[in-house]
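Next up: a single chain in structure tokens, the form predicted alone.
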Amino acid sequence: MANLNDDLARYLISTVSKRSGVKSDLVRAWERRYQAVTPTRTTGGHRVYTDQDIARLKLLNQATNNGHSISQIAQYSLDELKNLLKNEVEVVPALLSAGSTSDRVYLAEDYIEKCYAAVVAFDAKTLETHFENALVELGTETFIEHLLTPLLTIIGDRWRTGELRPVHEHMTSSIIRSLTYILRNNNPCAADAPRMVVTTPIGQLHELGALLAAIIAELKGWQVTYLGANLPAEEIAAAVKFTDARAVTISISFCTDDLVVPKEIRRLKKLIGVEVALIVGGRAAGHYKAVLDEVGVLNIQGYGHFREILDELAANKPAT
């Protein structure tokens, strides 16, 4: 007797990701950590999913975007997920969202302690697991703003006091880079989305600040070209020209005693002109306040301020 399941359509994860709106890495994380879906495998070992799996992932994605923890809803049936979302439409969704934001901030603080303990123990696998779990429970913006950024600040401070070695920071940075695909915006940019180039100036080799800024800008609907680290002003300006970018965001993580950074900032602003906004952030940006004020750049005071700048620029309003 033939197995009825043989008649079901089967899809590879690339198709599932496109149809459900959930990135492939996140599908795997939900599958591995919470058994949200249970794919079968082909004889070649590839995961294959059904239409029901795609439907579940769509609903789970919507529910987590509304602030629900994946760990709490991963085992819900399709009907339970539909009812959950239906009730939220009918009952004050804004109130649910506000409460969940506060809960996620507190949860992020707990994750900071666990993640730092894994860093100290030099346990890359545990740290990666904590990051994956935190990402699906907190959402991208809370994950970046209330977990990653404070954690990286702690690691940097402890490295400077000798409590951690440079290798601890390198391990952490490597794991964060491996999560970039999950962190990037799921939604395609609008055809007329404003464009931005993100990088670090020459001599600034630490790129995580720039990478996180690029992700935040993408989440705000910008089309971002991320260039990595350590680029001279002429190359950054060339990228602006090639992409017709409206803004450039650079990250400055370390201050030096030389004049390279001030020289590069002046040069970059001259090359891109007054029509292109120059946005500067990073832990060491304040060290260069004099030159930032001199050339009229937009100095990021925090994630909230950065989002305000992006909104103002997108609306063609002067940012202050």
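Basically, rigid core = biggest C-alpha set you can superpose within 1.5 Å across the two forms. Just so you know, these numbers come straight off a predicted model, no measurement behind them. All residue numbers refer to positions in the sequence shown, first residue = 1.
This next part talks about the form predicted together with the DNA, which is not shown.
Among heavy atoms of T256, none comes within 4.5 Å of the DNA in the predicted complex. Although the partner is absent here, H287 is not a contact residue: none of its heavy atoms lies within 4.5 angstroms of the DNA in the predicted complex.
Contact annotation: S14 falls within 4.5 Å of the DNA in the predicted complex, judged by heavy atom distances. Although the partner is absent here, S69 is a contact residue: one of its heavy atoms lies within 4.5 angstroms of the DNA in the predicted complex. In terms of contact with the DNA in the predicted complex, the residue from R33, K58, R266, R283 that brings a heavy atom within 4.5 Å is R33. The contact residue chosen from V37, L278, A29, V261 relative to the DNA in the predicted complex is A29, the criterion being a non-hydrogen atom within 4.5 angstroms. With the DNA left out of view, the stretch that reaches within 4.5 Å of it through heavy atoms in the predicted complex is, among 247-255, 38-46, 291-299, 266-274, 38-46. Contacts between stretch 295-313 and the DNA, counted in the predicted complex as any heavy atom lying within 4.5 Å, involve no residue at all. In a rigid-core overlay of the protein, V16 has its C-alpha displaced by at least 2 Å between the shown form and the other one. With the core held fixed, the Cα of E308 is displaced between the shown form and the other one by less than 2 Å.
Once you line up the core between the shown form and the other one, the Cα of I73 ends up 2 Å or more from where it was.
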